[in-house]
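There is one chain below, alone, in structure tokens, taken in the form predicted alone.
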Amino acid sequence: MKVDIVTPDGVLFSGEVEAVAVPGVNGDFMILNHHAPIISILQKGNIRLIGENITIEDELADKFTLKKEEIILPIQSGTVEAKNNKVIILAE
């Protein structure tokens, strides 16, 4: 599925992933392909992008923690919208 992560500084990530986990205000939850449409507020925590061959631009690498088949981005707050296999995250 396509994921875009946008901050006040610009686009941090835009690419294909297998799953994305986000820190919702009622607890962390994961979004997979064909997830029901959802809009949620995010709280302080980590966004986890999960999948093989996920790439990020070199100049943004210091904002992420890189693990095997997983990229972690800490956030302070934000919103997430998922619909039709596209996830848009607005984060601070």
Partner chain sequence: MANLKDIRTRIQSVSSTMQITNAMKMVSAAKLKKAQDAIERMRPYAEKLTELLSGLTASLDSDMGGAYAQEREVKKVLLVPITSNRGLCGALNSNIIKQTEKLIEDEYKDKEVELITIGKKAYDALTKKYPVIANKSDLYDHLDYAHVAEVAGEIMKDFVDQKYDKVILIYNSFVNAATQNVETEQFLPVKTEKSDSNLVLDYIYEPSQAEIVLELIPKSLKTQFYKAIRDAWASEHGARMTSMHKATDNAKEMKDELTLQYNKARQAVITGEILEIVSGAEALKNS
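These numbers come from a predicted model, not from an experiment. Numbering follows the first chain given and starts at 1.
Beyond what is shown, the protein has a form predicted together with its partner chain; the following relates to that form.
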| item | value |
| --- | --- |
| Residues V17, N33 and I72 all lining its partner chain in the model of the complex, heavy atom within 4.5 Å | no |
| Partner proximity in the model of the complex: S40 to its partner chain, non-hydrogen atom cutoff 4.5 Å | yes |
| is_contact(V3, its partner chain) in the model of the complex, heavy atom dist at most 4.5 Å | no |
| is_contact(A82, its partner chain) in the model of the complex, heavy atom dist at most 4.5 Å | yes |
| In the model of the complex, N53 touching its partner chain (heavy atom, 4.5 Å) | no |
